[in-house]
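Shown here is one chain on its own, the form predicted alone, set out as structure tokens.
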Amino acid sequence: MKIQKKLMTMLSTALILCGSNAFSQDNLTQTERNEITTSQRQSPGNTNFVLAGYTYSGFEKEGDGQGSFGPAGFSPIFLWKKSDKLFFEGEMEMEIEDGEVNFGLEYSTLHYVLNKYFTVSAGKFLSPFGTYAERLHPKWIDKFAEKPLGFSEEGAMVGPMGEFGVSLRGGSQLGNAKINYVAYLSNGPSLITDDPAMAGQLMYDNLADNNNNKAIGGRLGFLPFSNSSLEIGVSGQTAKVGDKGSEYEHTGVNLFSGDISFIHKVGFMDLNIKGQYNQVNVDAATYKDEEGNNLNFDNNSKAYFLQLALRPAFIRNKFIKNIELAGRYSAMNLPEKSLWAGNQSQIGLGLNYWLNWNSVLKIDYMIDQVKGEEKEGAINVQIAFGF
């Protein structure tokens, strides 16, 4: 009997609470109901979050040297949508190379959709100077284990890979054709003047500006065909690059880039062509060598690559259809009279096997030619997973 009384008491209490809650809800105004609904819709549990990214590992052997496993890396990409207009994307880089663990922030960008033609973004973002940085550099997308000459942070760079600033981008239909466009303001590159061996070279890691000037840049892409198989793009950037208060304060730079992308079915083959040309022209300036002597040179650099890939994607054999042959030529020309001068070219031959649409095993043979030196060959094996 005591148990039954306790159960009846608990049941009565629950009914009273439910009735009280229903009564309070019935007595809410419509404005108060709307505020509750809006609050629930904007709560963290109702936002959209996706974890994407890629990982890779490999093996390298240069010339007659000893081969070594590595590098290996993991790059998680965080995608968060707060509303239909507001969203965030960011990528972290974690890599083990030459026995060291390196961490980096590839990009961290906030986006706000103004309308169907324009989106404004702020933060650290991949540079829209050409297309390699924005679209082709991830390991599971790049056809080769190594980046083209002049497009890698590990060597001399001809053009930026990232920006820190704000941008405005969008796209539009032009009949059967399409265009896409982006304009941006960023901290811009800085000019190296305190290191004689590197004097006149640009640093593109622009997390902090070295002067009051901001770089102005943009890209325009044109897709003339209705199937978007061909895209031709032009990019530009201009900035002052000298340190504030120094004799180089008014030294400027003009950058130009042209890029092309063509993807088309040719019989049973999938043809994929990519290319980009970068040119960097720094204003005339006088630098100092290690002995303090004046050093003058035409500070113009260029780097470019052209890449072709063929894959028999439209045949029935499940093994052969996943094989891809790739070839790439890249070159980099640096100022002849600078202390960091050098003309270099590279031929890459690749055999890729696609495990699925975003996972690939790559075997590359690279032939490097530095002006005045003998050719050197290298073998790279890499497996990359996108997720």
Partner chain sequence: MKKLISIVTGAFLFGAFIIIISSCAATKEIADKSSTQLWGENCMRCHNTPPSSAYNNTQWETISMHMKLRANLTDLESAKILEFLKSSN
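Given the structure is predicted, the values throughout are model-derived calculations rather than measurements. Numbering follows the first chain given and starts at 1.
Another form exists, predicted in complex with the partner chain; not displayed. Remarks below refer to it.
Contact with the partner chain in the predicted complex, judged by any heavy atom within 4.5 Å, is made by just one of K147, R169, K139, K124: R169.
For the candidate set F59, Y329, W354, W340, a heavy atom within 4.5 Å of the partner chain in the predicted complex is found for exactly one residue, namely W354. Proximity of Y277 to the partner chain in the predicted complex: non-hydrogen atoms within 4.5 Å are absent; the residue sits far from the partner.
The partner chain in the predicted complex comes within 4.5 Å of a heavy atom belonging to S83. The partner chain is not shown here, and in the predicted complex it never comes within 4.5 Å of any heavy atom of F268.
Taking the partner from the other structure, the partner chain in the predicted complex has a heavy atom within 4.5 Å of a heavy atom of L223. Proximity to the partner chain in the predicted complex, taken as heavy atoms within 4.5 Å, picks out 179 to 187 from the listed stretches 179 to 187, 93 to 101, 68 to 76, 241 to 249. Contacts to the partner chain in the predicted complex (heavy atom within 4.5 Å) from stretch 104 to 128: Y107, H111, V113, K116, Y117, F118, T119, L126.
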